[in-house]
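Next up: a single chain in structure tokens, the form predicted alone.
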């Protein structure tokens, strides 16, 4: 598999970005949902949020790298489909990226509302530079929650669209992001 994308395939870098981020994003949602039920005396009360924040910062780094890679590369040509479907797919991808960025920003605002830096697995710290807004943690937390639910809804639609392309349209859309060559339909 080539490194860079071509008109017909994603390169291994784009495939790696997709498949590193996809399970991490779903896992972050599950962890965030689970953490909301923890009591103060639960042993995971501090460890869960520390993992969530650390992975969140690493996902933001991956997102920026992925967007830079996408900007510097061509994208495979879409499979034949009505123009509105191609436009909807392109818009959905950009909305996914926008939601990921907005979720990262709101997570940062929640985590740094008290002025403390975010420790990323004790490897490095991300300083608190935006804090002191009235009710910052509560407002950012509410927005973060609804953005995360919106993201999960779009992730489900994204997955369903990939399966539709594979099983109903029988085209190479899913195979491209799996890094598998085009199927012979003969």
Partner chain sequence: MKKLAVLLFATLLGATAAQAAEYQFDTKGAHAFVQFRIKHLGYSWLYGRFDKFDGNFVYDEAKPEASSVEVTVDTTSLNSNHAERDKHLRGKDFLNVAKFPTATFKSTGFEPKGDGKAVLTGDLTLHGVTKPISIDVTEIGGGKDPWGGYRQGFTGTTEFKLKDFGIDYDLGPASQTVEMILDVEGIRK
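Not measured: the values here are computed from a predicted model. Numbering follows the first chain given and starts at 1.
Just so it is clear, the following notes concern the form predicted in complex with the partner chain, a form of the same protein that is not shown.
Student: Looking in the predicted bound form, is the partner chain within 4.5 angstroms of a heavy atom from every one of 41, 113 and 137?
Tutor: Yes, the whole candidate spot contacts the partner chain.
Student: In the predicted bound form, does residue 149 come within 4.5 Å of the partner chain, counting heavy atoms only?
Tutor: Residue 149 lies outside the contact set for the partner chain.
Student: Answer for residue 141 alone: is it within 4.5 Å of the partner chain in the predicted bound form, judged on heavy atom distances?
Tutor: It does: once the partner chain is placed as it appears in the predicted bound form, residue 141 has a heavy atom within 4.5 Å of it.
Student: Verify the contact flag for residue 52: yes if a non-hydrogen atom of it lies within 4.5 Å of a non-hydrogen atom of the partner chain in the predicted bound form, no if not.
Tutor: No - in the predicted bound form, heavy atoms of residue 52 and the partner chain never come within 4.5 Å of each other.
Student: Just checking whether residue 123 would be counted as a contact of the partner chain in the predicted bound form - the rule being heavy atoms within 4.5 angstroms.
Tutor: Output for residue 123 is no: heavy atoms all beyond 4.5 Å of the partner chain.
Student: For the interface check, one of 65-73, 129-137, 149-157, 22-30 should have non-hydrogen atoms within 4.5 Å of the partner chain in the predicted bound form; which one?
Tutor: Comparing against the partner chain in the predicted bound form, the contact stretch is 129-137.
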